[in-house]
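Just one chain follows, in the form predicted alone, and it is written as structure tokens.
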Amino acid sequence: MTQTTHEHVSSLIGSYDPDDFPVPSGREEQWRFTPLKQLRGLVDGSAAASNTMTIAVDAPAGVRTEQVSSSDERARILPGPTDRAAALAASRTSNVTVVTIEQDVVLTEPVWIRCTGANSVSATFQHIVIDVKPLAQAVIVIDRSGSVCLSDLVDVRVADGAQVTVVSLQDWASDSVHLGQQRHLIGRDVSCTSVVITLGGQVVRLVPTVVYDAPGGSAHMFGLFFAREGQFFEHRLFVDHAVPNCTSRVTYKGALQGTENHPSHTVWIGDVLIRSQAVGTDTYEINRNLVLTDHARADSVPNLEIETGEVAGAGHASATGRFDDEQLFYLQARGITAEEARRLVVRGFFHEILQQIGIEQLQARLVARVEGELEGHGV
């Protein structure tokens, strides 16, 4: 059994009050990789709030959408967030978007939440709540685009017996800064899938988390990111196993390319905590990174903190490497150009993640975006 000790994970506080969190200095474990000087006041609180983003919800019958105040109980269906950026997002959001999937509703069409930024100079703070009632089934897409300076909090509560997939797409313009925390509270016998796709932005730091509220829950967390010249992407996950007989699987894949004057940097942190009462836990996390050029750096840190010996399974894996020369040679020997061979290898690398989306038009769009990144035609 693999076990590491990272006591910071179990000691994280949760609060809706930003003053309960110190301003990060960069020496903290949570912030040691993040380029704090590029965050434009989103963390220290100096950024003035200005609503420069529009939110449009396109939902079929059986879905209710509301705008409520940040102090409304419907906006606080989860305990307080665990970092200062998310607490600021919650406290400085005037209107919280609440999307409710009603009990027993089985949606055959996805719910689209489109977030469009107008500029990257003024700061925007945003809070979205997704409340999935018992036995409901839904696919929800949070589609982000445009230019932003954004800190947001997305809360997803999945009640007993429900099945939900939440796709979070960061397709920002290249001047954007985005700090986000996406939290999932999973009830009894729930199946919850999170798919995080990050393709655009100058600095993007996302914190997906899972907390189990009752036994029998299953969480699958998938991620895909492609960083080009000058981009910094950080994905910092936390899965908190605090109840018995739950399952988690984490699979994140990233590709990156940079130049001497404009290097790229990606960070993946995977923290899994199995508390003493969480007997029967079955968990595994994996991160794979494909480095396409020189001047590209990928940091990958999988962590397991295990407080009980009665687990069904627990493990992690991480690997970072370059193109497989044998794969490229095999393809080129069959008449495929070097450029096309490169595209095929990257598409194959990401296929496992893309097929989790289950929306054909979105998958086609993402394949085109990835190929555009390879050709240097990113937004």
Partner chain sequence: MATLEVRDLHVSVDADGQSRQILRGVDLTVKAGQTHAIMGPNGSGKSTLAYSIAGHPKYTVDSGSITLDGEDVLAMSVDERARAGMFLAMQYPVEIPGVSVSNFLRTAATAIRGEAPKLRTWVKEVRESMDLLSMDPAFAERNVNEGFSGGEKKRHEILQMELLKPKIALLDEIDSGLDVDALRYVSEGVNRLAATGETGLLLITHYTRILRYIEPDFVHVFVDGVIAASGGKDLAQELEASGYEKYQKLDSPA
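Positions refer to the first chain, counted from 1. Given the structure is predicted, the values throughout are model-derived calculations rather than measurements.
Not pictured, yet referred to below: the form predicted together with the partner chain.
*Asks:* Spot the stretch among 66 to 74, 50 to 58, 24 to 32, 328 to 336 with residues whose non-hydrogen atoms come within 4.5 Å of the partner chain in the model of the complex.
*Replies:* In short, 328 to 336.
*Asks:* Going by heavy atom distances of 4.5 angstroms or less, which of L36, A317, V311, L344 would be at the interface with the partner chain in the model of the complex?
*Replies:* By the 4.5 Å heavy-atom cutoff, the listed residue in contact is L344.
*Asks:* Should G348 be counted as a contact of the partner chain in the model of the complex, where contact means heavy atoms within 4.5 Å?
*Replies:* Output for G348 is yes: heavy atoms within 4.5 Å of the partner chain.
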